[in-house]
Structure formats: C-alpha cells, structure tokens
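Just one chain is shown here, as structure tokens, and it is the form predicted alone.
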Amino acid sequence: MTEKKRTTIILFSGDYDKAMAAYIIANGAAAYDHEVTIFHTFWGLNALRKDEHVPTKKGFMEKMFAKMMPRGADRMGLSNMNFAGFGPKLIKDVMKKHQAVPLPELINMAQEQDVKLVACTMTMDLLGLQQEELLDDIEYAGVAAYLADAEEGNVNLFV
C-alpha cells in the first residue's frame, strides 16, 4: 500500500487572483488524491471571512482592521490592475465569459473535497478576527500545526 501524498499551501496574500491560484492548485491536488491543507495567515484570512457582517465585541483597532479588510472572498482585490476596485469586476466578467470557476465556488469545492482549511490563530488575534466572522467547518491552529503538516508534505507552496 502506498502512502497518500500531501500538499500544503500557505495563503498569505489577500489578493483575489492569488487566492484563486492557491485554491485551483488545492482542488487539483485533492482530485489527485492528495491530502491538502491550506493555512490562511495574515491577509489570506480574508478568503475565509463571511460575506455578511457578524456582530462581535471589538476594541478600536480591531474595528479599524475589520473595516479596512474585505469581507469575504468575492470582495478581495487584484494583485495587479485593481484600478481602485474596478479591476475585479472586469476579471470576473472575463471569467464568467470563459466559464471559469469564481473563488467562492473554488472554496466550496475545496471543502467538498475535504481540503483542510486552517485559520492562523495568532494572526486572528493580531487582526482582531473572531471565529464567528469566518466560514463554518474550518480549523483553527498556529504555525506549529502547519509545520507538522508541511513536514510530511510532498508539495509545499507559499502564495
């Protein structure tokens, strides 16, 4: 019996196109029967934020971070050609024309394929994010847990 291959991805970027690339790779690896982990840290946590506002108790700085960060995967900007928020609208129109799967659907597909989605607890503390603000059915862990997964990984990526 052969051991199952493992793919780990650190999603650091909060850019729509980079998050899409990470999720396309994750879904592809899962389709090839890899165990896949995406560790979301810093701005990559925005991909896991719920679209709707979730009332929580926050301090002043935590409220400021919450207002500055996009709420949900579909509101993330582009790494290039963002054009003050107009770029994502353009790229989504092009994607629709070419029947490309949008990021929120890629995230759902990953969850359906049992890709382990992990939110970095240290970054959540720094940015004032609370579990209620993030998607359901994800895991919460620190860097040690990610490193344990990565140590066993055949493919380790940083996006």
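Just so we're clear, the structure is a prediction, and the values are computed from it rather than from any experiment. Residue indices: 1-based, along the sequence shown.
Below: the form predicted together with another copy of the chain, not depicted.
From the list 111 to 119, 130 to 138, 97 to 105, 49 to 57, the contact stretch for another copy of the chain in the predicted bound form under a 4.5 Å heavy atom rule is 97 to 105. Remark: residue 29 counts among the residues lining another copy of the chain in the predicted bound form, judged by a heavy atom distance of 4.5 Å or less.
Using a 4.5 Å cutoff between non-hydrogen atoms, residue 35 does not count as a contact of another copy of the chain in the predicted bound form. With contact defined as any non-hydrogen atom lying within 4.5 angstroms of another copy of the chain in the predicted bound form, the contacting residues in 10 to 47 are 10, 12, 17, 18, 20, 21, 24, 25, 28, 29, 32, 34, 42, 43, given in sequence order.
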